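In C-alpha cells, the next block holds one chain alone, the form predicted on its own.
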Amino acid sequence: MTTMVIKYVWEVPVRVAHWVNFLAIVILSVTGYYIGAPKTLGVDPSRFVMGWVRFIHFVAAYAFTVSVLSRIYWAFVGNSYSSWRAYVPWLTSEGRYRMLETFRYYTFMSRKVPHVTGHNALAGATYSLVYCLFLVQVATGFALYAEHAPASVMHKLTGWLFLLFSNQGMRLTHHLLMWLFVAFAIHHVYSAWLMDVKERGGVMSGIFGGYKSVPEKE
C-alpha cells in the first residue's frame, strides 16, 4: 500500500493568479460577447449600457493583464512546481517521455496514471501555449482599446500590431481566442477533476489551499 504524505505545492501567488484569471476570463467573455453583439436587454439605451459594459470589460482586462504578468514573473522566483521549467517539458528527453505517457493515458491507450506532484508534463506544455495566447489576447485587446487615442503611449506600444492585422482581423482574432479559452476552461475542469479522482491527490482542493497528497517517494 502506497503511503501518502501532504505536501505544499501551490503557493499563494499561483493560487491568486489562477482565480483572478478565472474571474477575469468569465467577465471578459460575457462583456466581450455583448460588445461584439450588443443586445438591448430591455434596458433604456439612455442608461449608457454599452458604456458600463465596456468599462467593466476594461477593468477586468487590466486585472487579467496584471495577473498574467505576475504569474509569468512567479515562474522565475517561485518553487519548483510553479517554475518555468515545468512548462517546457519538451526540452528534455524525460519531459518528452512523460508527455507521451500522459497523452497515452488521456487517449485511453494506457491505464497507467501519470502521478506527479505538480503539473503533469502534457498539462505544463499546454499551459505554456495558453499563456502565449493570453499575451496575444492582451496585446490585441489593448491595441483595439488604444485606437481612440493614436497619440497615446498605449497606441505607440501596440499600434505596430496593425501592420500584421487589419482592424477587422484584430477583432476577429480577439473574438476567436475568447472561444478558445472557453473551450480550454471546459477541458481544464474536466481533466483536473479526472486526475483528482484517479490520483486521489487533492488536485481540486489544492488550488484553494495549496496542499496535495502525494506518494511518500515523491
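The first residue of the shown sequence is 1; numbering continues from there. Quick caveat, the model's predicted, so the values are computed rather than measured.
Note that the form predicted together with protoporphyrin IX containing FE isn't included here; everything after this is about it.
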message = Taking a heavy atom within 4.5 Å as contact, would all three of Tyr33, Thr65 and His175 count as contacting protoporphyrin IX containing FE in the predicted complex?
response = yes
remark   = Within 4.5 Å of protoporphyrin IX containing FE in the predicted complex, heavy atom basis, the matching stretch of 79 to 87, 139 to 147, 123 to 131, 108 to 116 is 139 to 147
query = Any chance His155 has a heavy atom within 4.5 Å of protoporphyrin IX containing FE in the predicted complex?
reply = no
query = Would Ile25 count as touching protoporphyrin IX containing FE in the predicted complex under a 4.5 Å heavy atom rule?
reply = yes
request  = Would you please decide whether Ala61 lies within 4.5 angstroms of protoporphyrin IX containing FE in the predicted complex, comparing each non-hydrogen atom pair?
outcome  = yes
request  = Evaluate His188 for contact with protoporphyrin IX containing FE in the predicted complex, applying a 4.5 angstroms cut-off between non-hydrogen atoms, and reply yes or no.
outcome  = no
